[in-house]
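Given as structure tokens, the chain that follows is alone and in the form predicted on its own.
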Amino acid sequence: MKKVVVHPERCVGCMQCMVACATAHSRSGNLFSAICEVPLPKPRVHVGVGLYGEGFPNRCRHCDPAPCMLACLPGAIYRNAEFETVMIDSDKCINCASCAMACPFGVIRYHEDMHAPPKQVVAVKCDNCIDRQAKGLVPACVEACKSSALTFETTSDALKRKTNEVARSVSIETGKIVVAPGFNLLNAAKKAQINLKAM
């Protein structure tokens, strides 16, 4: 089963994944129409900022077992077995925040959602774009990410690629593997700015 894999070393903090996610979870599915919708669609992936200003795309890992599902008092959180996705039934959510306290990654947010009853604030998180996957499409965040910080692949393929990258990086012949020169340059510039401010 393919999953969204996060490669934080490639993230440039452009936040296009957030825009694509919010658009994919709007009624219209169109960015220009979505900004006028009520409630305003919000992203389910969130880009955080590291020590040197580098981006980190944080999203639900769909844990198994899922701490949020175990903590959910009304049983609003369940697993979709077909897509291996932890979902939230907004009709059952009582906004108690037990799931958010149990989530080790801080990815559950609370706001109005088009699937929830009107004017009701509910728990909202990544649903792996299962509606898009059912149509044969990749999740919106992956499609929008131009730096490949988010990829859609099987866990075994991701682990094999990472093992090969580590193996090449310790090889005497090749030296350190560079993901892309632009990422190293961007991160070096951000670190230099931080160091200048500290002086």
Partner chain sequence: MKYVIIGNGIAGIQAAESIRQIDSRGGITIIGDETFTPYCRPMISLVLEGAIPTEKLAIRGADFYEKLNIEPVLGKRVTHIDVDARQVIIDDTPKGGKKNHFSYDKLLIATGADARPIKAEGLSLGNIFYMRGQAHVCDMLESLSGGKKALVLGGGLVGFKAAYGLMKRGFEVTMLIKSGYPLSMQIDEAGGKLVLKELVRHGLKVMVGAEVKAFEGNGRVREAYLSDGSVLQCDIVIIGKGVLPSLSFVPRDQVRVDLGIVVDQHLETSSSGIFAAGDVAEYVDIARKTPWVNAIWPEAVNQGRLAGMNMAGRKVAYKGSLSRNVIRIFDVDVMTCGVVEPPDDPGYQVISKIDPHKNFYRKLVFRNDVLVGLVMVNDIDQGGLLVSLIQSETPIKISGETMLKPNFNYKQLLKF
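Residue numbers count along the first chain shown, from 1. Quick caveat, the model's predicted, so the values are computed rather than measured.
What comes next is about the form predicted in complex with its partner chain, which is not displayed.
J.: At the 4.5 Å heavy atom threshold, is residue 61 in contact with its partner chain in the predicted bound form?
T.: Contact with its partner chain, yes.
J.: Taking its partner chain as it sits in the predicted bound form, is residue 114 near enough to touch it, meaning that at least one heavy atom pair lies within 4.5 angstroms?
T.: Outside the cut-off, so no.
J.: Verify the contact flag for residue 80: yes if a non-hydrogen atom of it lies within 4.5 Å of a non-hydrogen atom of its partner chain in the predicted bound form, no if not.
T.: Answer no; every heavy atom of residue 80 is more than 4.5 Å from its partner chain in the predicted bound form.
J.: Indicate whether its partner chain has at least one heavy atom within 4.5 Å of a heavy atom of residue 56 in the predicted bound form.
T.: Taking the distances in the predicted bound form, the answer for residue 56 is yes, it comes within 4.5 Å of its partner chain.
J.: Out of 158-166, 142-150, 25-33, 61-69, where are the residues with a heavy atom within 4.5 Å of its partner chain in the predicted bound form?
T.: It is 61-69 that comes within 4.5 Å of the partner.
J.: Could you tell me which one of 49, 40, 137, 170 places a heavy atom within 4.5 Å of its partner chain in the predicted bound form?
T.: Contact check passes for 49.
J.: Taking only heavy atoms into account, state which residues of 83-100 are within 4.5 Å of its partner chain in the predicted bound form, ordered by sequence.
T.: Contacting residues: 91, 92, 94, 95, 96, 97, 98, 100.
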